[in-house]
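Listed next as structure tokens is one chain, alone, in the form predicted on its own.
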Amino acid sequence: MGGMDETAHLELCSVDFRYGGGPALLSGLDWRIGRGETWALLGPSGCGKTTLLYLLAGMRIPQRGNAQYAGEALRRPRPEIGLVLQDFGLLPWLTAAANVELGMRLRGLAPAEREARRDGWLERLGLRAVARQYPVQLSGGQRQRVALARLLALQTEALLLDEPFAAVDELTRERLQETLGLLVAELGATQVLVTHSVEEAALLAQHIALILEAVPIGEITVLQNPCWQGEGSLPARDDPDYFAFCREIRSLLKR
């Protein structure tokens, strides 16, 4: 199930997956994500949400079926797909600036190009003043912005985000949500956001994917966000229609 674009950007096709000899997590699962679409994935803890991101990132290979990027089977991570995990993945012995530059360095970009992209994203995300500080010296919100800057500097076409704002306070979370919404719209990137927050999903995603089944999961329920405006314009947090949509999502998850 998925978006309305004729060409899928990311896709799971009849996927079966399990870890080692453990129980099956996915069974014959299909999920189709159109280019430039924004998705949020909601479901109970332990249902396989992060595993789905790993499959879409090419970091796990299904036992049956395929994960695909632009129609090609994913057998390894691709530079067009970026992944941000809950722990930010920052190296503690590198400064904020060096962490932003790390992915570009690993991909062999020329120093001048790395520095231009690094400095541009540090500026865009309000990190110039802490560029020479180490992760331990940064707040949770600053560490998250460094992780986002590193991902965005790679100019990935698809952003996969695993509960990126779970470790920050509520006001910082709201600011980061607004920043992410604007940047994803500006870049025209495809986004898949795993979150436990119904409100966050309804705020940031055009399509809401719900996992309502017990494992093994064979189907994802998809809701279209009636409050979605696109182009970086997020629903008003006090909009009655937004509250109503959140109630609809929550009622489905409680069944």
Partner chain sequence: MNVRWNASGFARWGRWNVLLLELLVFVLIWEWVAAQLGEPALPPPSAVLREFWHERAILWRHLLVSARRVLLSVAFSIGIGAPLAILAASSPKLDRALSPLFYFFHPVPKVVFLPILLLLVGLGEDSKLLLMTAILVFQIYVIVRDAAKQVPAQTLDSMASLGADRWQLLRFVYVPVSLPAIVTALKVSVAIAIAVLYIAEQTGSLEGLGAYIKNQFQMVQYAKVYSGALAMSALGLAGFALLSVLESRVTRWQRIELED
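Predicted model only: the values in this text are computed from it and were never measured. Positions refer to the first chain, counted from 1.
Not on display, but discussed next: the form predicted together with the partner chain.
With the partner omitted here, the residue from A167, L85, L182, A131 that has a non-hydrogen atom within 4.5 angstroms of the partner chain in the model of the complex is L85. For the residues G140, P77, G126, G120, the 4.5 Å heavy atom test against the partner chain in the model of the complex is passed only by P77. The partner chain is not drawn, but in the model of the complex it has no heavy atom within 4.5 Å of Y69.
Proximity of R60 to the partner chain in the model of the complex falls within the 4.5 Å heavy atom cutoff. The closest non-hydrogen atom of Y54 lies within 4.5 Å of the partner chain in the model of the complex. Contact check for P92: a non-hydrogen atom falls within 4.5 Å of the partner chain in the model of the complex. Using a 4.5 Å cut-off on any heavy atom, the residues of 95-116 that reach the partner chain in the model of the complex are, in sequence order, L102, G103, R105, L106, R107.
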